[in-house]
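Single chain ahead, written as C-alpha cells, the form predicted alone.
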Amino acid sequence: MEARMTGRDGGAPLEPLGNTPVVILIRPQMAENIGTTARAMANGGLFHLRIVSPRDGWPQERAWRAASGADRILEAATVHDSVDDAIADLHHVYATCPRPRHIIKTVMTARGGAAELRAATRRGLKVGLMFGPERAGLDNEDMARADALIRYPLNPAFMSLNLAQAVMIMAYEWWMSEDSTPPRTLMTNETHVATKGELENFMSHLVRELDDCGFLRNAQKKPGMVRNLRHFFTRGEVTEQELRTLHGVVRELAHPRGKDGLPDAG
C-alpha cells in the first residue's frame, strides 16, 4: 500500500484486544464511511473489519483520511465477495436492523446484544456484527444469515443513523459491557478530598470567629446554627484546597477594618 494512504504516519498503535467481535460491512457505498467506521471501532476496542463487495472497490485513500489515525484497522481489513464468505469462520453473527421485515427472529437492544457477544467470546467463540449499506440497510437474505437482530431503541420519530454512528453504538456497548469506570467521580487535580480532621479544624476556626464577632450571641440558637454550618460543609466532598481558601476568607473577615476597607493598623 502506498505511504500516502496510511494517514498520520501509520496512525495509532492499535492491535486486537483479545477475542473481539468482527465488524462486517455489507456493500458499503462510500470510502469515507468505511474510514469513520474504523475510527468508531477503535474507540470501542474493536479491530477486525471485513468488507463485503464495497461499491467503489478497495482500498480507497479517502477511507484513510476519514479514519483519524485508525489506520491499522483499515490495513488489516479483508475484502469478501459474499456474506457467506465473510462469516464462514464465525460461530455467531448478529445483524443490526432498524426495521425487521416480516422476519421471525430474536431482536435485542444494543446493550443486550453486547452482553451476549461478550458471553460468547468468553467461551472462545468467534462472533460478528453485520451492518448494511448506507441507503437501505441489510436485505432479507443478509438477515437470514444472522442468529439474531439488534435494533437500537431510539426516538421512533427519527431513527436515522449513518454507518459509523451505528457501529459506534455497538462499539460503545461492547466496551461498556466490561468497563469498570465509576459512574460518578470528583476530579480534585492537585488537591484531595478533605479529611474529617481538616474539616473539623476549619469548623473550629469558623465557630471561634463567629463567636468573637457576635454572630452566635444567641446561646439557645447557637447549637442549631453550628449544626447547619456543619451540614453545609459535609453535604459534598469539600477539598483541602477549598478549606484553605475558606480559612483565608474567615481570617480576613475577622480583622477590624477602617472606613477605607483595609484592616486597621491597630
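A residue's number is simply how far along the shown sequence it sits, counting from 1. Owing to the predicted nature of the structure, the values given are computational and were not obtained by experimental measurement. Note that the rigid core is defined as the largest set of C-alphas that superpose within 1.5 Å between two forms.
Just so you know, the form predicted in complex with a further copy of the same chain exists too; it's not on screen, but the next bit is about it.
Determine whether any heavy atom of I34 comes within 4.5 Å of a heavy atom of a further copy of the same chain in the predicted complex, and answer yes or no. Judged by the heavy-atom cut-off of 4.5 Å, I34 is well away from a further copy of the same chain in the predicted complex.
Could you confirm whether L253 comes within 4.5 Å of a further copy of the same chain in the predicted complex, counting heavy atoms only? No, L253 sits far enough from a further copy of the same chain in the predicted complex that none of its heavy atoms falls within 4.5 Å.
Could you confirm whether T121 comes within 4.5 Å of a further copy of the same chain in the predicted complex, counting heavy atoms only? It does not: once a further copy of the same chain is placed as it appears in the predicted complex, T121 has no heavy atom within 4.5 Å of it.
4.5 angstroms heavy atom contact with a further copy of the same chain in the predicted complex for T191: Because a heavy atom of T191 falls inside 4.5 Å of a further copy of the same chain in the predicted complex, the answer is yes.
To verify the annotation, which of these, L90, V79, A76, L161, has a non-hydrogen atom within 4.5 Å of a further copy of the same chain in the predicted complex? It is L161.
Using heavy atoms only and a 4.5 Å cut-off, determine which of A144, A136, L125, M176 is in contact with a further copy of the same chain in the predicted complex. Checked against the cut-off, the match is M176.
Any idea which of 22 to 30, 221 to 229, 40 to 48, 54 to 62 reaches within 4.5 Å of a further copy of the same chain in the predicted complex, heavy atoms considered? Among the listed stretches, the partner-contacting one is 40 to 48.
Can you list, in sequence order, the residues from 63 to 79 that come within 4.5 Å of a further copy of the same chain in the predicted complex, counting heavy atoms only? A67, S68, G69, A70 sit within 4.5 Å of the partner.
Large Cα move at Q241 between the shown form and the other one, threshold 2 Å, rigid core: Yes, the C-alpha moves 2 Å or more.
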